[in-house]
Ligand code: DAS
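Take a look at this one chain, the form predicted alone, written out in structure tokens.
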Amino acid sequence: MTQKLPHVHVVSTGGTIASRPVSPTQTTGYSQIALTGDDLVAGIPGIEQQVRLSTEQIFSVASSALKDADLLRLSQRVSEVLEDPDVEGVVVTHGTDTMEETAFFLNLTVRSEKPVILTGAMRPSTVLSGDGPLNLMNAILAAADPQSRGMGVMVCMNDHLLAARDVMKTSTYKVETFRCPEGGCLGFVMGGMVHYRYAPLCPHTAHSEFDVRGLAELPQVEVVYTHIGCGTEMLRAALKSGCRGIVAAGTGNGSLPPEFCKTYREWPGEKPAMVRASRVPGGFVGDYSGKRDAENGTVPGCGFSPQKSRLLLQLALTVSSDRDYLCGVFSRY
């Protein structure tokens, strides 16, 4: 009796992996997104002998152009696909510019134990030494592997399987751009075999408290970057905008200029929640000099980058704006 092959659904969104430059040596300056999910799968000879594949094109854009509404739509569609008992896992092809953000958002909102793997390319798939086809093949194999169940959303790039919580793009051009500064490399795919060495401990996917399946929009949250000599103009603009939350990208341990804290602390009337993150790519943002977070009304961002802090704050605000609750969310996740 022939064993039934695992079924993986590929959701394509655009990005470099789907771009087709005018020449096989054009690794920069390309813009045309011309390849569909079917085209990408067709570029992996023999994959149909290992996995049953289905594809769909949910949208076709550069990942730098994505909006909150696109994240909601993608999360809701992936959740819907995973409800099919015939589907073992989902692969999302995605541009690398914001892949870490989309992966983290799906990690917090897709309520399933089945694997969701994001992949893409640093070079268009049609150029010399394009990395897209192998990245996609490895992602498909990982999504089809029973070991991947319960591992949360991952990014599969350059043979590595990286936890969505920790993954970060670290170079503008290297194929090994995706790394996890504080851990989070869960395993790898080598020679068509999936190998895991670690598992994520923080809540994710089926164990997340966030449910966006019926959500039409996300709360507005702005990111304000700090630097030597920065004024409070950008903070004041955010406070006046009517946003529900602000992420302050501070220095070191999320440190903020005194005038910055004073402006937020003394802002008249109701003000948005504010999370202190750090510009530093690794480490942990703990309580700000003892009681100062409580005095200022700010929330320590723990180990999340400003862009991931924004997403987590958006989702937390769909539940509650209570500061104690927000502190607990950033500590737990």
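One-based numbering along the sequence shown. Just so it is clear, the model here is predicted, and its values are computed rather than measured.
Below: the form predicted together with the ligand, not depicted.
- You can rule out all but one of 138-146, 106-114, 93-101, 249-257: in the model of the complex, only 93-101 has residues with a heavy atom within 4.5 Å of the ligand.
- Among Val51, Ala62, Cys302, Leu40, the residue placing a heavy atom within 4.5 Å of the ligand in the model of the complex is Ala62.
- The single contact residue among Arg244, Lys169, His160, His204, judged by any heavy atom lying within 4.5 Å of the ligand in the model of the complex, is Lys169.
- Using a 4.5 Å cutoff between non-hydrogen atoms, Ala238 does not count as a contact of the ligand in the model of the complex.
- Shown alone here, Ala164 lies farther than 4.5 Å from the ligand in the model of the complex, counting heavy atoms only.
- Residue contact with the ligand in the model of the complex: Leu186 places no heavy atom within 4.5 Å of it.
- Shown alone here, Met151 lies farther than 4.5 Å from the ligand in the model of the complex, counting heavy atoms only.
- Contacts of stretch 13-35 with the ligand in the model of the complex, defined by any heavy atom lying within 4.5 Å, are made by Gly15, Thr16, listed in sequence order.
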